[in-house]
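One chain comes next, on its own, written out as structure tokens in the form predicted alone.
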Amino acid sequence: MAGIIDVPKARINCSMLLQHINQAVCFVGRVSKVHPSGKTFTAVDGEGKTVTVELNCCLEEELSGVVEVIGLVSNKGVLMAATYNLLREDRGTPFDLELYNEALKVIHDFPQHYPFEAAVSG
């Protein structure tokens, strides 16, 4: 699954998951709950919807705040993470997930100007 890092990925929110089954995607959300096993966590997007993220191995660090996940969407709408990145919010300005969600809508409404998804599906 590490090969998906090198391919173009659609940026999505939870409502777009089922449109991207078996495709490489990039998801940004706020961590809401980490499973005690450390192998899964849930994240909430800018619309307040939740996705389950499955990891290849157990977490080795505390996971909280905003996270960017790159992975594949399973048939069940679970995000199978190849990698994740914590987005630091310690500089006094919190990440605005609602504004990010609005940007996603623009990207998907005008794919001719933002060809990222076209490269993934075609």
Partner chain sequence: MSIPLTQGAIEALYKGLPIKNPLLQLLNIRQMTSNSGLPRFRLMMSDGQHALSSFLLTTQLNHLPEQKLLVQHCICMLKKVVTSTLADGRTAVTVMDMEVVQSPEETGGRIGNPTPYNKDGQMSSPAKKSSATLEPDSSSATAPGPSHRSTSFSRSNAAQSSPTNSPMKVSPMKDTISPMKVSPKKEANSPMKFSPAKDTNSPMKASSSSPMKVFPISTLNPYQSKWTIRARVTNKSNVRQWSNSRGEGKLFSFEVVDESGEIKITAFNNEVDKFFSLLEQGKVYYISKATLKVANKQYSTLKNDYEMTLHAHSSIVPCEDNQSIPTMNCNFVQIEELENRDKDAVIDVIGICKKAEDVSRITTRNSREVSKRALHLIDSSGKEVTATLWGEEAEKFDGSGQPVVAIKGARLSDFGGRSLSALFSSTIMVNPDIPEAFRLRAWYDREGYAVNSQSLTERKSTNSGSRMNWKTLSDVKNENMGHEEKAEYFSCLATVVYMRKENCLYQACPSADCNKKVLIQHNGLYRCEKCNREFSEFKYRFLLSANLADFGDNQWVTCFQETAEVLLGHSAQTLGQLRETDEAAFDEVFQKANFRTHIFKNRVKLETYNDESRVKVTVMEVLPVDHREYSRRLLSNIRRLAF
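Residue numbers count along the first chain shown, from 1. Because the structure is predicted, anything quoted here is derived from the model rather than measured. Only the largest set of C-alpha atoms that superpose within 1.5 Å between the two forms is called the rigid core.
The next section is about a form of this same protein that is not shown, the form predicted together with the partner chain.
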In the model of the complex, which of the listed residues (65, 48, 94, 38) lies with a heavy atom within 4.5 Å of the partner chain?
94
Location of the partner chain contact in the model of the complex, chosen stretch of 67-75, 86-94, 53-61, 40-48 [non-hydrogen atom, 4.5 Å]:
86-94
So, residue 103 and the partner chain: in the model of the complex, are they within 4.5 Å at any heavy atom pair?
yes
I'd like to check something about residue 99: if you look in the model of the complex, is any of its heavy atoms closer than or equal to 4.5 Å to a heavy atom of the partner chain?
yes
Determine whether the C-alpha of residue 92 shifts by 2 Å or more between this form and the one not shown once the rigid core is superposed.
yes
